[in-house]
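Read the single chain below, which is given as C-alpha cells and is the form predicted alone.
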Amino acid sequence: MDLFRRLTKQPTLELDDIQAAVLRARPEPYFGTHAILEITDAAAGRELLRRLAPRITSAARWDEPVPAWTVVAISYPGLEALGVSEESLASFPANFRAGMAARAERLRDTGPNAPHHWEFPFGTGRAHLAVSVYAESKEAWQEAVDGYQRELAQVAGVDLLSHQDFGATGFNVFGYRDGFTQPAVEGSGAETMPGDGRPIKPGEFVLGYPSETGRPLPMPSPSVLGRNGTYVVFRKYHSHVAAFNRFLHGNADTAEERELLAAKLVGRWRSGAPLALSPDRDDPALGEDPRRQNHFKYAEDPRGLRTPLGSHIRRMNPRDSKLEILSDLRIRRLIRRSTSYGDAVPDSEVRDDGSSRGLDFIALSARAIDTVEFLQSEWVNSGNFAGLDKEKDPLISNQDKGAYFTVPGTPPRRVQGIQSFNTLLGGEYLFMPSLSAIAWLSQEPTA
C-alpha cells in the first residue's frame, strides 16, 4: 500500500507548490468529506480561495504523516464564475470545457448512468468548487471540516450545494482491499516497489514537466495557472452489494467457490492478493505486503487462466497483456484517490437494505480526462481490448440484458447473469491548481 512508500531520493518536483492529493496516500483507516460549492459572486469566490489557501496542504514531505489535509479543485464553470479571462479559459482542453455530462456518449454513460438520472448538482453547471478533506482520525477530520466551513460561513456569494462524508478501513463496500498499486512518479523521491517498473515521467501527472514523449504536455495559460496543476475526474457510484452477493450465490455452491468467482471478477482476492500470484486460494499476508502484492505480469498468463482477461484489474491496467487495441500503457496510468462511503455489506447478505453506499472514483493525471474517456469507452464497456466480443467490465460497466462473464479454462465457463453492480450517480471534470495558481485565482482580474 502506498502508505509504506518511503522518500529515498531527493525530489525534483516543486512539491511545496503541488497539492497533497497528487502524492499523499490515503491512511488506513481514513475519514473525510467531499463538498461541492457554487460561486454566485466572483469577488466572493476569490475571497473564499484567499481564506482557504492557508488550509490547502501541499505535497511537501508527502511521506510524513499529517492528521488531515485539504484539497481544492475547480470546474470549468467555476473558472468562469471566478472571472478568469477568455484567453485563459480557451487554453483548457475542449473536453474539460465541455464537462462530463456533455461527454456522456463518449463515456458510454447511457441508460441508468445517463446524466438526466444524476444526483444534484452533478451535470448542472453549478458545481464550481470541490473541497475535499482526508484525515487519519475522526477528530482530525472534524477539525478540518469545521475549519473550511467557518471560512465558507464568512463569505456571502458562495453556496454549499452538497456535502458527502466518506470513510473506510481500507476495504471498499464490496469487501475488497482498495487504493493501492499506484504508479511510481519520477521526481517524487519515492522508493519504487517490486512491480512498479520504471518510474513514469512527472509530466504525465503534473503539468509543466517532461512527459513520456520527452516534452511537457500543453497546459493552461498563463503559466502560473497551469504549472504544477493537474486534472481530476470525479465519478460517484452507488454500489449494489446485495445484488453482487446474489450473483455469487446463484453461480457457486460453496463459500470457497463464491470467493474464487468473486476473485475472478476482480482479479484479486478480497485481501488484495492477486490471482496472478495466488490463483487457488486467498493469501492475506500477500495482500498486505506492499513488496509482493503488485509484483507480477500477465505475459505468462496469455489465456487468462489465472487472471481472466476480462477481470476488473486486468482491464484497468493490462500491464504486458497482448491487446487488440494498441495503446501506450505508460500514458494511460492514473493516480487514484478514490473513497468509499456508506457501510460495508456482509457477503452473506442478499437483500438490499436501501442504504446509500458506494465509491467515489477519483483519478488524477495530466491526461486524466482523455484517459478515463478512453478506459470507459474501450476497456470498461467493450471487450475489444482483449478480444472478448460483447463482454464488459464485471464491476463498473453498464451491463446489457443477457450479459455474461467468461472464466477461462478447459473448457471455459461462461457465467450468466452479470448485471450492473455499480450505478453512476454523477460526476465532474475538475482542474486541481497549484498553490501559487490558487493565489493567482484569488486576485482581481487584470484584464
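Predicted model, so just to flag it, every value in this text is computed and none were measured. Residue indices: 1-based, along the sequence shown.
Omitted here: the form predicted in complex with a small molecule. The next part is about that form.
- Comment: 368-376 is the region of 368-376, 146-154, 185-193, 198-206 lying near the small molecule in the model of the complex, near meaning a non-hydrogen atom within 4.5 Å.
- Taken together, L23, R55 and V131 are entirely out of contact with the small molecule in the model of the complex: none brings a heavy atom within 4.5 Å.
- The closest heavy atom approach of N317 to the small molecule in the model of the complex falls within 4.5 Å.
- Among heavy atoms of V84, none comes within 4.5 Å of the small molecule in the model of the complex.
- Within this chain, R126 is remote from the site of the small molecule in the model of the complex, having no heavy atom within 4.5 Å.
- For S321, no non-hydrogen atom is located within 4.5 Å of the small molecule in the model of the complex, even though that partner is not displayed.
- Put simply, of V266, L248, A101, A273 only one has a heavy atom within 4.5 Å of the small molecule in the model of the complex, and it is V266.
- A heavy atom within 4.5 Å of the small molecule in the model of the complex is found for exactly one of S278, S211, N172, N95: N172.
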